[in-house]
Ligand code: GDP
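In the form predicted alone, a lone chain appears below as structure tokens.
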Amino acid sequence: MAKGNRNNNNNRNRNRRGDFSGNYTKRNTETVKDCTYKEGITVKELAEKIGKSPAEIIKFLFMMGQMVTINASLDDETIQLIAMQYGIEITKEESEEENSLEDTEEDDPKDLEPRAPIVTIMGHVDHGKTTLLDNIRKTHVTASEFGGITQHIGAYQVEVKGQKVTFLDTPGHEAFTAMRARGAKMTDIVVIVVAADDGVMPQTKEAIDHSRAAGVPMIVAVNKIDKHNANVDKVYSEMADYDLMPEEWGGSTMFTKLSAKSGLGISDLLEMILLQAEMMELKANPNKKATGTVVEAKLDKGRGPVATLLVQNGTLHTGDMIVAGTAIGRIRKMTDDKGMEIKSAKPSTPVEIIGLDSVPEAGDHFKAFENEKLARKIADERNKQKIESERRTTAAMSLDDLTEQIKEGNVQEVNIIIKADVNGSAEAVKSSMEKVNVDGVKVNVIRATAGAISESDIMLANASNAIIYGFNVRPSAAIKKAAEENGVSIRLHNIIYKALEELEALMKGMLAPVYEEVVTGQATVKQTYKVSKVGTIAGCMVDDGVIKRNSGVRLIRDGVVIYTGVVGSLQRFKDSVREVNAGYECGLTIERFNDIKEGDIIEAYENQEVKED
């Protein structure tokens, strides 16, 4: 009896070690013949499914050049490799929820109704895209953007000859390539703006590539034709080199000449857009639950997660339960692009909504659901898949990667933490910084999120020896102090290419340890008073440094810069003073700005000339 037990134990041990002899192999192969798996399966879970030991799979993958742990998630390619090794038929279970946010349902032609065309304006930085849209909308977007360069993607709807047209205003600087690519994917027509005095530039070429990749028709708008050095024929010739032959030259691409600044030729452009849209016969079904794309999203301390959505099919209603990316919630409030509250939004309509439980990512799909239980199930599944995906990218490392790291032992890494006012900017800064290439130095972005610089960021920067880059955000006095105490460097910018230039200089070791701008003081708004003919007076306590009359100031709310301007009047009690030091109260106004609220931070600064060594 004892001998029989020993034999059974030996057989079990052989099987654990991967001995495939005898009946066990036959029985096991039959068992796993039609094996299936789900996205994110781990080494341990797969081993149990196919009747092998985790150690055996880990050893096999090691021999194939992959280092994994027992809890590492496996990608589809690796799973198929394992299946081939053991002669197993293994198929992936396609989860119903996987693509459930995309509109896969085919509409009955009887339900389709004409919809507004979605137009994206693209082109090189400073070629006049925002000024063009500004003129069309009769508002002033450019004035509110730093350096006159659009920093965020936006969506706006206008009426042209009784027909609605939705415009996506994508940033033109090369830092926003990813955002511009997303714009092309959700658009019907692309207007490529080219300055007549400048011609085709790198971002113009990128815009053409994105449009072609998305299969979107293009209209070329030659801008700044009223400038003395304008050369329209040069633009026509350069665009023809990219197979965009003007109709005037016998080609098929619509070209129009205009001046975004004066408004000359804009009506011709709008007529071309309507003509192109008419030829495309754009239709959607408004009589079903809405689907579409997240254009932009941010966290607002007062309102919570705020998302700008573009409805692409169906109708979105206030009170709808929606899933956007991995975020879920019931729409509490919906406003249109003009800030007016609305109850419903039909196809091609951009809206801003509140009610989500977290901030989705720009470019995520969204879908409205009748069934709240199903919506929560899908959101949970998507969250799980996202976590598994992130775990997979960090858990598995190939031997080639390891070898490269050993070879590059002397290569320095610059660790970066990025904080921006909105997700789109954080993503754009991250992708741009990772492209900065200086011999012997690599950029490693370890965090890129929207929101104010926090204590958590300081702790992470301290632990990883990272530099914090703030894009259009400002640290509080407490955060500044914590950074100083921990030796963490915070660098603040509001225009991306300047941050990139500074980073490149820093990586080359050429960055001077002085600032062009010196913060002189910081004050907290305790009370506000509205006085006719004067505006809003802020009753402040100076927390740090000194506040001087006529100095530059930033108004900071929840860590984000709301306005940049100049101190107007500055008073102590009823007396006008030149400056107020820390520990004293004062009353001040900001020139041409009255939206000051209790709790706001006013940061004073001076620009000082940097003397080169």
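As the structure is a prediction and not an experimental result, all values here were calculated from the model. From 1 onward, residues are counted along the sequence shown.
One more form of this protein should be noted, the form predicted together with the ligand, which is absent from this view; the next part is about it.
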{"property": "Residue contact check: K481 to the ligand in the predicted complex, 4.5 Å heavy atom", "result": "no"}
{"property": "Contact of T349 with the ligand in the predicted complex (heavy atom, 4.5 Å)", "result": "no"}
{"property": "Non-hydrogen atom contact N223 with the ligand in the predicted complex at 4.5 angstroms", "result": "yes"}
{"property": "Contact of K430 with the ligand in the predicted complex (heavy atom, 4.5 Å)", "result": "no"}
{"property": "Stretch from 338-346, 225-233, 496-504, 467-475 whose residues place a heavy atom within 4.5 Å of the ligand in the predicted complex", "result": "225-233"}
{"property": "Site test, V294, K298 and T449 vs the ligand in the predicted complex, non-hydrogen atom cutoff 4.5 Å", "result": "no"}
{"property": "Single option in E271, E413, D126, D543 placed near the ligand in the predicted complex, where near means a heavy atom within 4.5 Å", "result": "D126"}
{"property": "Contact assignment for the ligand in the predicted complex, among T78, S259, Q157, N285, heavy atom within 4.5 Å", "result": "S259"}
